[in-house]
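This document starts with two versions of one protein chain, written out as structure tokens and named structure 1 and structure 2.
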Structure 1
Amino acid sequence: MDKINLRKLEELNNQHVIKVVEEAIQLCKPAKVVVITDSKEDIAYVRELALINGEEAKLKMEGHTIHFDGYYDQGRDKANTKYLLSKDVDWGIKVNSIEKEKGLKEICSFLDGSMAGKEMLVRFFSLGPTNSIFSLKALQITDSAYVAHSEDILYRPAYEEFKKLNGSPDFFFFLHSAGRLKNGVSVDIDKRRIYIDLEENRVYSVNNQYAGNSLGLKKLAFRLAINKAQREGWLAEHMFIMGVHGPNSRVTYFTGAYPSACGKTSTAMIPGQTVVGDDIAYLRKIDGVIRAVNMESGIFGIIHSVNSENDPVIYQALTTSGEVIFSNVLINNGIPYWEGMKKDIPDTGINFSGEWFKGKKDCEGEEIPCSHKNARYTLKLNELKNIDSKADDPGGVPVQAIFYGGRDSDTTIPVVESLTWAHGVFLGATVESETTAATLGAQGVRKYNPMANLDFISVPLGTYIENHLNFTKDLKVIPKIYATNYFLKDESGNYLNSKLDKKVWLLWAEGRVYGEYKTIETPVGLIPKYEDLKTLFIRELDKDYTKAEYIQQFSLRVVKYLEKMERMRKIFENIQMPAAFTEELKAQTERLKYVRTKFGEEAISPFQFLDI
């Protein structure tokens, strides 16, 4: 490290920072160390470096670049993401872990000399707005300029904030090396590891580039934050935050948790609304109100099916100049193309498989699409015209309603309001979802995914749920909770709803916050009345919503629901859960059994519940 960089480090007056940087240098043996402050020049240096070292390439449009992850590095690697644990713990859910000493030895052997001949970048960020009670500090060391560049887009710079730590060790630390690169892509995928040390608030990640694996500040910091939140009595959640714009210019803030690739970003982007965040929220109780901040300041979003109809705001940002990193899409003549963009796609180009041509097959004989299903874009929220005016508010926004949803083709109805907060927590805790391309491995497998957070929960499930149940204590306003399902299908496998319909569910829920619609009580919660949805469909989507559609979508598939309850009973019988949760499971099962006896096994029309 030269004098200038050393001075930048020393100016932080923090021995703990110096120590981890020194240790990282000794281990990774970089050719050069560059400390990046919040200055424009330093940040521009990172952007340039990504181009120089070939991790990114310029596209035609000003500010746009392309980055490719390796062919086998296109999603989060759950199998090789592990907690370093010094002793066995029972978290109730299956978590990947490795004995701490053994894990450290292994990952340090992969990190040893991993930066030889490369530059080590030392970065400082804030998770959450700066100057805020929500803010957590994060130190990222990486040899990937793509990772560092992505973090500039996605997080708030905090070199100056680190000075305010006054020498405290209270920061998260992430050490990442992309490892050996060939054509700008990590090659030692068999040695890809992501090891999380909750005791030290540290994560080590090596031989990968896909952001969910490599960016310390994204899902790795999220896992540390869930654990910290648990200890400190707040919540870190896999949630969007948005302002929902109802009648008379009122704005009501919603958060919503959905598993990866299940509609979280697209909900936050519903036209006419404003976005605070699309992936990770921190929630705290302040003066009797739940307030939330986006721990990020940008979006790392799925590009598949982003087009001018489905996602007009994002589509516009992706097709005009501004800072955007495209990843794993098709590039032809400096222009990005992706599946579902509703434009003619050229027959050739470069994509995540290298030189691509229409009809190219993988080694299993499957056709390689022009863009990967988990191909993404990275941009700053302030590039979007629908950014909420409070997106950076250090005090966060007040949360008045919470959505939980999963990808469920055959059981849960499109939208239901919980009977109580505890019932809502139960609905969130029993989300099931079919797996997607956001993680490596089989797609379409139904998995239990509590609060859409299964991949990230870093505490015993029982205490995690208890924290949610107790969160209403001393609250002046208790948010409403809704369970949603955008993926219900008919017997022939056709989706029952269009992508745009979620706007109606959202605005109905918004009206409910003010008691504006009556509901029908069912065993699984309160559902909308046909007349209200009909009015909303006409008003919002100019669509005639028929009674037959309503009945098909909102009928209670009682046998399926009871099967789900049985799956939940089996999952939870061996987990130490709070009594209030177990009560909810029992009560909902009993209510379902009662209506099955009364109405039979066929799906029960909402109108039948009016007679109870």
Structure 2
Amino acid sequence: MDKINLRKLEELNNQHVIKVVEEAIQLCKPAKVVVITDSKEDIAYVRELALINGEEAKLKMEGHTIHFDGYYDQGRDKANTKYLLSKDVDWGIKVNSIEKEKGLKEICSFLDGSMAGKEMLVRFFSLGPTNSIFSLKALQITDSAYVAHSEDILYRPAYEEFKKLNGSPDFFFFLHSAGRLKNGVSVDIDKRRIYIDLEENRVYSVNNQYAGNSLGLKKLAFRLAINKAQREGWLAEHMFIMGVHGPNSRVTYFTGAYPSACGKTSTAMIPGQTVVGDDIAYLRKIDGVIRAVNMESGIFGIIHSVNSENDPVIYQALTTSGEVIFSNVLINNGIPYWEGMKKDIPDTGINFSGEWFKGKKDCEGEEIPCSHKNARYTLKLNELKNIDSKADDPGGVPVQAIFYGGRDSDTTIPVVESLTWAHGVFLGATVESETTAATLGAQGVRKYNPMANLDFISVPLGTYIENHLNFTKDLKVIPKIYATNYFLKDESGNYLNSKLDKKVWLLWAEGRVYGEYKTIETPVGLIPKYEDLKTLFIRELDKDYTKAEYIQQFSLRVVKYLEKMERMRKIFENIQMPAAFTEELKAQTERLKYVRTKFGEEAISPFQFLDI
């Protein structure tokens, strides 16, 4: 490290920072070390370096670049993502782990000399708005300018914020190396490792380039944040944050958690609403109110099927000038193309497999699509026309409602309000999602996914749920909680709702926050009255909503719900869960059994509950 870069480090006045940087240099042995501050010149240096290194290439539109990961490095590597644990723990859920000393020895052997002949970048970021009680500080060291450039888009710069630590070690540390390269991509993917040290708040990642494995600040930092939040009495959640715009210019802030392919982004981007964040939220109790911030300032989104019809705001941002990184899509004549964009796609070009032509097959004889199903775009939130005015507010936004949703073809009502906060936590903790044949193999296999967070929970599940149950203590305003389901089908396999209908469920829930709509009480929660939905469908979608549709969608499929309760009982019977959760499971089961006996039907019309 030269004197200029050493001085940048020393100006932070933090020996803990200097120590981890020194250790990284000694281990990875880079040819050059550059410390990047918050200055425009330093950040521009990183963007230019990504081009010089060939990690990105310019596209025809100003500000757009393309990055390709290796053919076998196109998604999160769950098998080789492990916690470094110094002792055995029982989290009640299956987690990948390795004994800490053994894991450190292994990954350090892979990192040893991994940056030889390459440039090490030392980066400082804020997870959340700067100068905010919510935000966490993160130190990223990487030899990938693509990784560093992506994080410039996704997170706030925080070199100056690190000065405010006053020598404290209270920051997350991430060390990444793409490892040995050939034709610009990682070669030793058999040695791809992503190891998470919860005790030291560190993550080590090597021999990979796909952002979900290499960007420490994404879902890897999320695991550290969940663990830290559980210790400190706040929540780190896999949630969007959005402003829902009701009557008379009223804005009500919702958060929402959905597993992949269950409507999370499409809910956050409903026309007429504003977005604060699409992926990860930090929630704290401040002056008796739950407030939330988006820990990111950008989007790392799946581009498959993004088009002008279904995602007009995102599509516009992707097809106009501005800073965007495309990854693993097709490039023809400097223009990006991807599956599902509803536009004619060229028969040739360059994609994640190299030179591509329609009908090209891989080594296994499988046809290679023009873009990978997990192809991505990276852009700043402020590139979107629907960004909320409080997106960067260091004080966060007040949370007045929470959505939980999964993909469920035959059980869950389209929208239901919880009976109480504890019942709402129960609804979130029992989220299930069905796999789809197109992407995950067998169709209709139900995957249990509490709070849509199963992959990232880094504490015992019982502790995680108990902290949610206790989160209303000392609150002046308790948010309402809703379970949603956009994927209910009839007996012929046809969806009972259009993609646009979720706007009605959202605005009904927004009105409920202010007590504007009466409800019907069922064993699984409070559901809308037909007359209110009919009015909303006409007002918002100019659509006639029939009583027959209402009965079909909001009838209580009591047998299916009881089957789900039995699945939940079996899941939780061997997990140490809070008594309040167990009571909710028992109570909902008993309510369902009562109406099953009372009405003697497999599906009970919502109108029948009016007489109870």
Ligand code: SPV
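Heads up, when I say rigid core I mean the largest set of C-alphas that superpose within 1.5 Å between the two forms. Residue 1 is the first residue of structure 1, and the numbers go on in sequence order from there. Quick caveat, the model's predicted, so the values are computed rather than measured.
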Review point. Between 1 and 2, where do we have the form predicted on its own?
Key: 2
Check your understanding: Would you say Gln273 moves its Cα by 2 Å or more between structure 1 and structure 2, aligning on the core?
Key -> no
Check your understanding: C-alpha of Glu23: shift of 2 angstroms or more between structure 1 and structure 2, rigid core aligned?
Key -> no
Review point. Core-aligned, does Glu549 move its Cα 2 Å or more between structure 1 and structure 2?
Key: yes
Study note, to complete from the structure: Core-superposed CA shift of Glu601 between structure 1 and structure 2, in Å, is 5.7
